[in-house]
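The chain below stands alone and is given in structure tokens; this is the form predicted on its own.
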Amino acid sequence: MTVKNSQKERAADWFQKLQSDIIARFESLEQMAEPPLYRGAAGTFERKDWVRGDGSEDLGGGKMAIMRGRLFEKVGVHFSEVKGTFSEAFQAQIPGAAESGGTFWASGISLIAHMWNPHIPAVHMNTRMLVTSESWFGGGADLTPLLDCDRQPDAPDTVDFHAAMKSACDAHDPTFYPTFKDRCDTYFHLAHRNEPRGTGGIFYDRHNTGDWENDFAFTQDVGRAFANIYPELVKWRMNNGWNESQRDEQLIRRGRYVEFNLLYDRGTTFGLKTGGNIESILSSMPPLVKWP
């Protein structure tokens, strides 16, 4: 299926709008976090445009946005739209790249939030569209509770988060949720520790049913579902106090995030292999971590 430029423009425009929507919601949550539990002024996002390459040719770029606040210890919400040619070594890993002569176009949004409060789960979400001689959508969202007592499958955060992802999937195909949930559990797994990174969510990649409009609508619904559910989880947990022992447990668990991103994460690899913005790519790293 040939992808039209208008379809690329629509997808990129949607990812930018979703970025703006989530930024507004997260800054609103920052305003709700009040003393004495939260200290200092409410944070706001710092935005920065970046270009891919040295600027001598149009290879695209993006808009990165990072906030360090009193509720969000560190959160990045990034948009990108890039194009160019894959290296010969990387072409073999991307469907349709060899047939396109290595040329590609990609756009998407990615975010990760690390909170001061150990009771609030960390979260990751991304949705994207990629075009070579083929085209597809990918992405998903997954939750990572930081305290042992919250990492059970029946914990309220996890139940509500999965319900939101299931609803987005079921609106399109009842087989999506069980399939994409299993893919998430398989993908976000720390093989060297034989343990899951968190309590899961959904993950889909190279998603092309042959109906571009429906695939795009599904990707939009995943983004909307995330934008609606995660702020509700934050509100529910944000007034829970914590102690030094719980903070220590949070920092140790964050180490698993670092291990996964550096060893297994395809998005990190894709960004680095295609000359993406290193500051944006590695902004997913937690601001403070412990390995005991």
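Just so we're clear, the structure is a prediction, and the values are computed from it rather than from any experiment. Quick note: we count residues from 1 along the sequence shown, nothing fancier.
Below, we refer to the form predicted in complex with a further copy of the same chain, which is not included among the displayed structures.
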Are all three of A89, A98 and S107 close to a further copy of the same chain in the model of the complex, meaning a heavy atom of each within 4.5 Å?
no
Would you point out which of 203 to 211, 77 to 85, 190 to 198, 169 to 177 contains residues with a non-hydrogen atom within 4.5 Å of a further copy of the same chain in the model of the complex?
190 to 198
Looking in the model of the complex, any heavy atom of L263 within 4.5 Å of a further copy of the same chain?
yes
My question is simply whether R237 lines the interface with a further copy of the same chain in the model of the complex - judged by any non-hydrogen atom within 4.5 Å.
no
Given that a further copy of the same chain is not shown alongside this chain, does R70 nevertheless sit within 4.5 Å of it in the model of the complex, heavy atom to heavy atom?
no
Even though a further copy of the same chain is not shown here, does E259 get within 4.5 Å of it in the model of the complex, heavy atoms only?
yes
If you look in the model of the complex, which residues in 82 to 114 sit within 4.5 Å of a further copy of the same chain (heavy atoms)?
none
